[in-house]
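Consider the single chain below, provided in structure tokens and representing the form predicted alone.
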């Protein structure tokens, strides 16, 4: 079970429901420009006439297109400011094979400054040749786990997460299982990128998380997940779905703190943490209520998982119920959360 964003350009497509992610990307733009201007040492790449960039977990746009154009523009300015000839740029758009690459690629601007390619596959494994990337980028993707922790679906395990679809407000055993899966996945991610990114190359990661010390249950993203789970339980009580279906469904996502991310990077040892910033919390906005906007954004990112497990016939009712419950709640005022900007430099290891 994995996140697969809705393709196309319909009402519940990711293309039309990604304003929250856009807010974080906009907030990170200046930080990326600063990193490239101040820290990127282009002497490390003097032997290459091509500068290669990738967006890992790109989805279908338009956010990825804006982010890649910004990186290319900033690198171009860097080369020109130091009197170097501008290299050719190659941008690789990566996501799971089920991603709607057709919509993405047909949306690329015809006057772009780079050669584009789609790279299907999980970013938790190798995707590129050794030392072939100069800049890797990932936004709102690394909170997605490679799989749901097996223990939370095992009735004989003390971490069995009966009656819940996430770790928020669950037992410590459940939380520990999710945290362990996240750490394992991040280690796989960093190990793969360590082989693909050249020494001196950079990686920028933007991930939804929670402030240090904040209980998982008080993070806004987890509070939304809790309400989503309550909608499923309501449907089970009405006999629309079975309780067993709810018991065997858990969301494959984890929202880490800065301390957790820093510890994983240090343990890996292949990257130096150059900068970590907490980005301003984006609040859902639009022509509809915040509950409606949030519900539509979650549907754009999660609908495929719910269809696969519960069937297509419940989708409209589920996300309509979520919309109403969110509007009745106070989470947009009381919930806490953050997006983390993480700048990593690939270093030589002994």
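As the structure is a computational prediction, the values presented were derived from the model and not from experiment. Positions refer to the first chain, counted from 1.
Beyond the structure shown, there is the form predicted in complex with another copy of the chain, which is absent from this document and is the topic of what follows.
Between another copy of the chain and the residues 127, 194, 241, 264, the one pair within 4.5 Å by heavy atoms in the predicted bound form involves 127. Interface residue among 140, 160, 101, 79 relative to another copy of the chain in the predicted bound form, by the heavy atom within 4.5 Å criterion: 101. Among residues of the shown chain, residue 106 is one whose heavy atoms approach another copy of the chain to within 4.5 Å in the predicted bound form. In the predicted bound form, residue 49 approaches another copy of the chain with a heavy atom inside 4.5 Å. Taking the partner from the other structure, another copy of the chain in the predicted bound form has no heavy atom within 4.5 Å of any heavy atom of residue 255. Proximity of residue 112 to another copy of the chain in the predicted bound form falls within the 4.5 Å heavy atom cutoff. You can rule out all but one of 218-226, 173-181, 93-101, 270-278: in the predicted bound form, only 93-101 has residues with a heavy atom within 4.5 Å of another copy of the chain. Residues are counted as partner-facing when one of their heavy atoms sits within 4.5 Å of another copy of the chain in the predicted bound form; in 107-126 these are 108, 112, 115, 116, 117, 118, 119, 120, 126, in sequence order.
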